[in-house]
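One chain is shown next in structure tokens, namely the form predicted alone.
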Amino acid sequence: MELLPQISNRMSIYKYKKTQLTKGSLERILDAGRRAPSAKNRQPWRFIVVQDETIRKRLEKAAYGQEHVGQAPTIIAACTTNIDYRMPNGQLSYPIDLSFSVAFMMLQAEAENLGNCVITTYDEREVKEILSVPHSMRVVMLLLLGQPEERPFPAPRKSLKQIINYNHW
């Protein structure tokens, strides 16, 4: 199984068809997120699946009017249940744990021929209110999913030579 072609072809989608995801596709995407690694296997995530158009439009407003947020037929709010745990290196674990989980969902979405886009620019307080997220939790990111209306070419990436060093900086 080779994943590099799917990884290479994945891009953020900003225009979606109104077609809803099939139940099977959505469940496989969520299952991929559930299977991601996490610090000490804490699995500090909860996912809120939003398909209701009224709620999606409210999330669009909370995301400072980004139209693709309201246009995507499915939004997954990736939330954490553990905002205080720090790994031995001193870093908070939840941003890393949720990033792995959402990345796994993005790859599964790509395998399902679905477009996706990660959103991190939004008023978290407003999103939490819209989705009734408990005060003690954080909404780390939103994942938009749907049939792409168009697939632009992937953005250029830096070459390996530009980003790789061996054994020292």
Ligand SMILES: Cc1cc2nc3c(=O)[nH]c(=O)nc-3n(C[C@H](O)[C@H](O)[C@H](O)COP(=O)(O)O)c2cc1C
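Because the structure is a prediction, the values reported are computed rather than measured. Residue indices: 1-based, along the sequence shown.
The form predicted together with the ligand exists for this protein as well; it is not shown, and the discussion that follows is about that form.
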**Fill in**
Residue within 4.5 Å of the ligand in the predicted bound form by heavy atom, from R157, K18, K161, K23, is R157
**Asked** Considering the ligand in the predicted bound form, which of V127, A39, A32, I119 comes within 4.5 Å of it through any heavy atom?
**Response** I119
**Message:** For the interface check, one of 61-69, 131-139, 48-56, 107-115 should have non-hydrogen atoms within 4.5 Å of the ligand in the predicted bound form; which one?
**Reply:** 61-69
**Close approach of Q147 to the ligand in the predicted bound form, 4.5 Å, heavy atom** = no
**Message:** Residue-level question: is R10 within 4.5 Å of the ligand in the predicted bound form, judged on heavy atoms?
**Reply:** yes
**Asked** Heavy atom within 4.5 Å of the ligand in the predicted bound form: which residues of 132-153 qualify?
**Response** none
